[in-house]
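We begin with a single chain expressed as structure tokens, specifically the form predicted on its own.
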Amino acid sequence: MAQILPLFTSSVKLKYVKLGYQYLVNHILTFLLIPIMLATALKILRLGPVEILNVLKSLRFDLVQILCSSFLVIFVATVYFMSKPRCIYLVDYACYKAPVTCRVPFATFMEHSRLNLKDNPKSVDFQMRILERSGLGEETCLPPAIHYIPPSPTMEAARGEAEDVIFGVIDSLLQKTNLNPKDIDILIVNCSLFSPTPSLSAMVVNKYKLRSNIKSYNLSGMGCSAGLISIDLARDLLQVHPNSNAVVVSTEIITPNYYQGKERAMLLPNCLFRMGGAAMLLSNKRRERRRAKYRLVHVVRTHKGGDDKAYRCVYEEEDPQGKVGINLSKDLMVIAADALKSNITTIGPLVLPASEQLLFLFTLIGRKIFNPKWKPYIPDFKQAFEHFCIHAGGRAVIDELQKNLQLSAEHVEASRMALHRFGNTSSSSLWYELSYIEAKGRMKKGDRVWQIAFGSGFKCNSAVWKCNRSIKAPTDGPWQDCIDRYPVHIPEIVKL
């Protein structure tokens, strides 16, 4: 029997129904206020000038009432502006780009693996399978000490890598911002696995001869999400220190942490982690507002360390042969998903429009009261953000977040391309992704950016930025010689 009535889904554009609902709910106050304002204006116009003057003359104010009212208004305004948090601006940032001599093509990496693990071909095959599916490209870099056969992870070599990366990004940042090192009030350096004495922050103070009263901090052991923890610390410090500049440096030093054993769970980081670093200038000075690129809106931190599995899922330890490495648990993605869920539950009410919050609330009530089997509503974060910077920890991390947040290929393009070009650069990866978006000329004034990072412990941290001005595609930066080649197609498996 022929179908007489068309299907509802084919006759009505459900997409436009949802758009209409979102516009109505998000602008409900406007729709309510406009009729009230129009009715008030019509009422005033109907009174006529004589009636309006009579109403004004009937209102009697004495001097004491006027002075008291004025004082109250001034007092309330003063309290409001004094208690209002200071605006924190990201003036600019710089990313490290390793020299071509540090490049590690697949063939070089596998040749070194075969020579270093010649007595364990199964471990070599395991690394090859990981590399084939990693999403990394042929231009990622490892420090010079790892190019030796066998690797030479000495303290001197580790300090040399730290100096190259950290001094390189700070020099670039000072040049871009015309900042005098003496004008730095707060310095924060985060590096998870390399923590020498004196600290890396002291190394920076010594190199640039910073002031003796500088507030310096060195964060270690906090994993790939330490970059956003440093941003959060800088924000808190800038709230209590007016007219200050804060420099944040995020990096991971690879040299002393390259695992030379044969345990598979500990060989995985060797395949993914690569050289990288970033330096950011944050300020609470009002005069920086015009030239600053972004304004910090929110930082939300989630820590799952109270759970034993979460605490041990990224764990530095010795293997049975006494060789130190990072053990990545098989439960990592499940734990990361749980941490992300807690994080977005907190950040959702801060950033989502009213339309998405209402849909989420109605679904929650429906599941609690009517039917627990109702599918939970996943808020559409694309309504809250124009750009997403997902920590490029690996292809599986990006895939999982794209699926859970229902993002398009374009939304995760920056993360995939940063992973392909630079590998997992740990806490600095978010800034390579932001630089990619800028290099493509996609960042416009008013755009909102969501940075999401995961780290050992286990932590999931988010930062929300709002673009302060339209940003022209820069002529410098880590993408300057290759942005025209991107995006590239990344196959599921690259046969080696």
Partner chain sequence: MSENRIRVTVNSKLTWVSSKPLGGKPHELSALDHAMALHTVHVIFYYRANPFERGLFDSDFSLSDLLCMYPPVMGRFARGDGGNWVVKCNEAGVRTLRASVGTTLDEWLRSADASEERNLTLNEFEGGGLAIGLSCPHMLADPTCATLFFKSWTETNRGEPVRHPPIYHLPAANARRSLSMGINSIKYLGTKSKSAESPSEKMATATFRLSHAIIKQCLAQIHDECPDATPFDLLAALFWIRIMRLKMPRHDQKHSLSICLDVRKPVHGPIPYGYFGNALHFSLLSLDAELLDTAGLGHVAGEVHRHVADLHGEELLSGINWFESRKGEIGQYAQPFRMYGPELTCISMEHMITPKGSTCELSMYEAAFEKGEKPVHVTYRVGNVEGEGLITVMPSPEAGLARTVTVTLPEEQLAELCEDQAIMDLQPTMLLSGKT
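Residue numbers count along the first chain shown, from 1. Since the model is a prediction, treat every value here as computed from it, not as a measurement.
The following text describes the form predicted together with its partner chain, which does not appear among the structures shown.
Considering its partner chain in the model of the complex, the lone stretch of 390 to 398, 101 to 109, 275 to 283, 358 to 366 in range is 101 to 109 [heavy atom distance within 4.5 Å]. Using a 4.5 angstroms threshold between heavy atoms, E138 counts as touching its partner chain in the model of the complex. Among residues of the shown chain, I149 is one whose heavy atoms approach its partner chain to within 4.5 Å in the model of the complex. The closest non-hydrogen atom of L115 lies within 4.5 Å of its partner chain in the model of the complex.
Contact between P256 and its partner chain in the model of the complex is not found at the 4.5 Å heavy atom cutoff. Though its partner chain is absent from this view, in the model of the complex it lies within 4.5 Å of a heavy atom of just one residue from P181, G168, P144, P269, which is P144.
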